[in-house]
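In structure tokens, the next block holds one chain alone, the form predicted alone.
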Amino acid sequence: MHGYLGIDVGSVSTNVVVIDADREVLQALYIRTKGQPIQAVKKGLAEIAGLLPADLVIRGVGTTGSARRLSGVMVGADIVKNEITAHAIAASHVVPQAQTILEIGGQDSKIILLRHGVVTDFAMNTVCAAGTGSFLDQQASRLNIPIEEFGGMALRSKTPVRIAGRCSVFAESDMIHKQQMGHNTEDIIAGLCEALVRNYLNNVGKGKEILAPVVFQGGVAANLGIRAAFEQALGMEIIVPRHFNVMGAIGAALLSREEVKHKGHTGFKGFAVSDMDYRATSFECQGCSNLCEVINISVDNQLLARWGDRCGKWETLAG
């Protein structure tokens, strides 16, 4: 059997996926990064290796996410791509006619517009938490309700209350005020879902032509209340893929499959990577006024890669 590996390392989660030669998902993992991307990648590789058939051979590997260069160096990636491309490729594979991708993760959110399978526009929100999953996590914690129950409770609401959602701080204050006024919990939760969607559409989606089919992915897509709020706000069906929370990794795996077709071979270092002692260090270059922070990646005291400088001086290992 031949398989293709995709790795998506973000600030909140690290996702690892293996697809087969027919582009079907064989195994998928969603684990917490916990601020340690190297350890998360090693853990993900070790876990997914144990789930795969013994006769499966990895023919290609791709990486994406905020730590895509780091994970790419670690595993010997055949292709390293940004999240926009990876999510667009995955969505187009699942929903070939997709024209809009709504992606909401734990700490960022994005919108991607596709026309005839090509990305024509996108926008990202990495500044305010009000349009992300962490916003819901915080409010669920304050209400002492498991986040897994949030969506179902929102759907039971009869009269959602309007909550100021432009800022997470104001939203929390407004939510407390609504509680003190006597509104029931279901209506408050539904109001929070609508506030997140309103914030997303007014910021990330501002000025964007949102056309169907619309694909909703990222960890927050598990929340039925958010999905319902999007459908109400947009007046159209929202499609949530089966593997909604690992779509970036699926896209990376699909990209590696195409890349290896041209290369004819893979640079994958094998699952033994999970046992290697990778280390990341940094230093501040004093060569000019930019004072770039240069990242060193090494394994067993051997320098593998450097990046972070604007001029390219340190990108060759000789320095």
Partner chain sequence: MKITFPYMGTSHIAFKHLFNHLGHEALVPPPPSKRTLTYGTQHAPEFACIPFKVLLGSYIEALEQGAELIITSGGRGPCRAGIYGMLHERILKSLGYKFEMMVFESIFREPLGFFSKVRRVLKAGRVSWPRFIKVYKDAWVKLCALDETEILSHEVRPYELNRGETTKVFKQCLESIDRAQTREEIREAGSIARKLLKAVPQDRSRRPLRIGIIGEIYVVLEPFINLDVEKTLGEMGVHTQRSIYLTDWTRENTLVKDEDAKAAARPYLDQLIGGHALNSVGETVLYAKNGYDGVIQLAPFTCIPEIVAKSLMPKISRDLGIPVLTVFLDEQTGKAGLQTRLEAFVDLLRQKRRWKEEGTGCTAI
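Keep in mind that this is a model prediction, so the values were computed, not measured. Between two forms, the rigid core is defined as the largest C-alpha subset superposing within 1.5 Å. Numbering follows the first chain given and starts at 1.
The same protein also has a form predicted in complex with the partner chain, omitted here; what follows describes it.
Just one listed stretch, out of 115-123, 70-78, 134-142, 180-188, contacts the partner chain in the predicted complex at the 4.5 Å heavy atom level, and that stretch is 115-123. Ile84 is the sole member of Val161, Met153, Ile238, Ile84 with a non-hydrogen atom within 4.5 Å of the partner chain in the predicted complex.
Using a 4.5 Å heavy atom cutoff, Ala88, Leu255 and Glu258 all lie near the partner chain in the predicted complex.
Contact annotation: Thr281 falls outside 4.5 Å of the partner chain in the predicted complex, judged by heavy atom distances. Proximity of Ser92 to the partner chain in the predicted complex falls within the 4.5 Å heavy atom cutoff. Within this chain, Glu293 lines the site of the partner chain in the predicted complex, having a heavy atom no more than 4.5 Å away. Using a 4.5 Å cutoff between non-hydrogen atoms, Gln286 does not count as a contact of the partner chain in the predicted complex. Relative to the superposed core, Val294 undergoes a C-alpha shift of no less than 2 Å between this form and the one not shown.
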